[in-house]
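What follows is a single chain, given as structure tokens, in the form predicted on its own.
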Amino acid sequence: MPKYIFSLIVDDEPGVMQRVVSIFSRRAVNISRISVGPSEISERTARIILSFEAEPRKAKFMRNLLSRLISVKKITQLKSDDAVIRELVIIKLKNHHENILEQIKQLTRDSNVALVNYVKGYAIEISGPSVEIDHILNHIDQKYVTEIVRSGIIALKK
């Protein structure tokens, strides 16, 4: 099933997120990732980036329903070839394990992912495309990991 990414500019007010999400839940469409932050348009607007899988006809239907919400000011569909799409992951490690740090450094050297920051023996922060983060997480020895936290995606049209 195709993956879709929508970028919405919405009024920054209580209840907007619930109305957006309910459109998906009522139609049994799962939102796989979602992030919300301030918009560059004004202090009273926010940007919601959400991704989901659906058949093309259903995705078009979802877009039409979202556009009917009064609080939604603009919807842009982003495609991976014409957008910069990133995600953040923080990996909490057990004690002081140099092994895992070296393993992650090697994996990030071989990919388009940045090892952003780490506090020796505690946590590692990685940012980059979701596919490459998935690749790194699949190759990390889980015995050194106590917790993994992933953000929603953020995306910007090129």
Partner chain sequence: MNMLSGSEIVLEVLKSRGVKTVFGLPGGAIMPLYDELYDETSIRHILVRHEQGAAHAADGYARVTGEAGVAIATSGPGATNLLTGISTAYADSSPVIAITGQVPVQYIGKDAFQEADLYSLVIPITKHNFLVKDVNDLARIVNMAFDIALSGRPGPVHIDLPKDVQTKKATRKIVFKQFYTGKTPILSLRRIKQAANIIMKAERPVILAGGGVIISNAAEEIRLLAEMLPAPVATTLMGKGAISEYHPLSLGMIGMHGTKPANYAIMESDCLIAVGCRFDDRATGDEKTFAPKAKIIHIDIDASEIDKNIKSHLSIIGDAKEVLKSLIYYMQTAGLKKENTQWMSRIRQLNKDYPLPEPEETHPIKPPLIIKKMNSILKEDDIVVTEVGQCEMWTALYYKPRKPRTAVFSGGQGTMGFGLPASIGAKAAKPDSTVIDIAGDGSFLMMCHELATSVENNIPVIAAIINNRYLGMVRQWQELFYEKRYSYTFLGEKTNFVKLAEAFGAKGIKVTRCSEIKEAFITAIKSGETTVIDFEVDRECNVFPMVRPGGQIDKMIG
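Keep in mind it's a predicted model, so treat the numbers as computed, not measured. Positions refer to the first chain, counted from 1.
The form predicted together with its partner chain exists for this protein as well; it is not shown, and the discussion that follows is about that form.
**Q** Heavy atom within 4.5 Å of its partner chain in the predicted bound form: which of 42, 64, 106, 30 fits that? Just give me the one.
**A** Checking each option against its partner chain in the predicted bound form, the one that comes within 4.5 Å is 64.
**Q** State the residue from 123, 69, 36, 131 whose non-hydrogen atoms include one within 4.5 Å of its partner chain in the predicted bound form.
**A** For this set of options, the contacting one is 69.
**Q** Whether 18, 22 and 57 jointly form a contact site for its partner chain in the predicted bound form is the question; each needs a heavy atom within 4.5 Å.
**A** All of them do, each having a heavy atom within 4.5 Å of the partner.
**Q** Is residue 141 close enough to its partner chain in the predicted bound form to count, meaning some heavy atom within 4.5 Å?
**A** Output for residue 141 is no: heavy atoms all beyond 4.5 Å of its partner chain.
**Q** Would residue 13 show up as a contact with its partner chain in the predicted bound form if we use heavy atoms at 4.5 Å?
**A** Contact check for residue 13: yes, within 4.5 Å of its partner chain in the predicted bound form.
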